[in-house]
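Before any questions on how it binds or moves, here is one chain, the form predicted on its own, in structure tokens.
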């Protein structure tokens, strides 16, 4: 294992440890008794029951021992228990996370693929009117927050045109019903991702096409499309990967708001319900899961960056 890889592993391991520590301390640094945050502030308990719960939950033990038990529980998939919903937090999140990942994954795949290809073309053909019009549309869409974009599309295509269902993930549990229900939410998030990546890719291609190697390739008679998609895109795509690592948390949070708007039974509605009823164990578990996903996204972008540009591995972090 080389030194660069070792440093990366230490960096991401330290990030995960800090995230777990923040989640652990969250109910303990807030004013009041931590037990009341776990069982709900609207629950009335006697001092005897409160003391018994403190013992059963291990909150009467030293903080280092509590953190060790919490860390062991996280490693084994134990994220606590929701006394409001009467279910383990890990089960609640596990039942919903599949739908959220389906929404986010499909949207990112469509948005990034379309944004990268379209942005490369717009940057290469920047003098054309169609390229300028597409750039202007991308600027307008990227300025609209995902939740507002979702509300606009919902009011047009659901409320007025009635092309898509009002809520839910499916009417009948089959692939066509699921696709019909997810089409507009996926299109909303994908459109936002597409616009941002189009603008980033356009600027990157504009910079790269003025370098010496594209001009040399033109002088050799290489077709423009081969220069763009065979050479320029390889270098121009690097800022997209950096932006993905930075924006993943923002995109994921946008997906949660879109779930609330379209009443999808994913992590977004689970978080909304947990906020309404002040279910702190569920909120802590969701924060942990989302933060870990963001760290993993950064790790994936870091690895992919090194694959596309080997100079990263030689020059360091």
Partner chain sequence: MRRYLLPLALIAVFATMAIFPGLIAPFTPTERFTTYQAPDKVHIFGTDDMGRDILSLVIYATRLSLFIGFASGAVAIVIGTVIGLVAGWRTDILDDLLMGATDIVLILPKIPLVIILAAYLSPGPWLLILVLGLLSWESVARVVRSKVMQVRSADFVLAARCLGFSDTYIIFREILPVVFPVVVPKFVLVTASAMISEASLSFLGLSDPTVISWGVMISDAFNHGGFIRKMWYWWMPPALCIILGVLAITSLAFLHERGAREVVQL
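Here the structure is a predicted model, which is why all the values come from computation and not from measurement. Positions refer to the first chain, counted from 1.
As for the form predicted in complex with its partner chain, it is not shown, yet the points below apply to it.
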* To do: Mark residue 165 yes when one of its heavy atoms lies within 4.5 Å of a heavy atom of its partner chain in the model of the complex, and no otherwise.
  => no
* Proximity of residue 51 to its partner chain in the model of the complex, heavy atoms at 4.5 Å -> no
* Asked: Does residue 300 reach its partner chain in the model of the complex, with heavy atoms at most 4.5 Å apart?
  -> no
* Classify residue 73 as contacting or not contacting its partner chain in the model of the complex by the rule of any non-hydrogen atom within 4.5 angstroms, answering yes or no. => no
* Any chance 109, 129 and 134 all have a heavy atom within 4.5 Å of its partner chain in the model of the complex? -> no
* Thinking of its partner chain in the model of the complex, which stretch from 94-102, 77-85, 111-119, 146-154 has heavy atoms inside 4.5 Å of it? -> 146-154
* Though the partner is not shown here, which residues of 272-294 have a heavy atom within 4.5 Å of its partner chain in the model of the complex? -> 272, 275, 278, 280, 283, 284, 287, 290, 291, 294
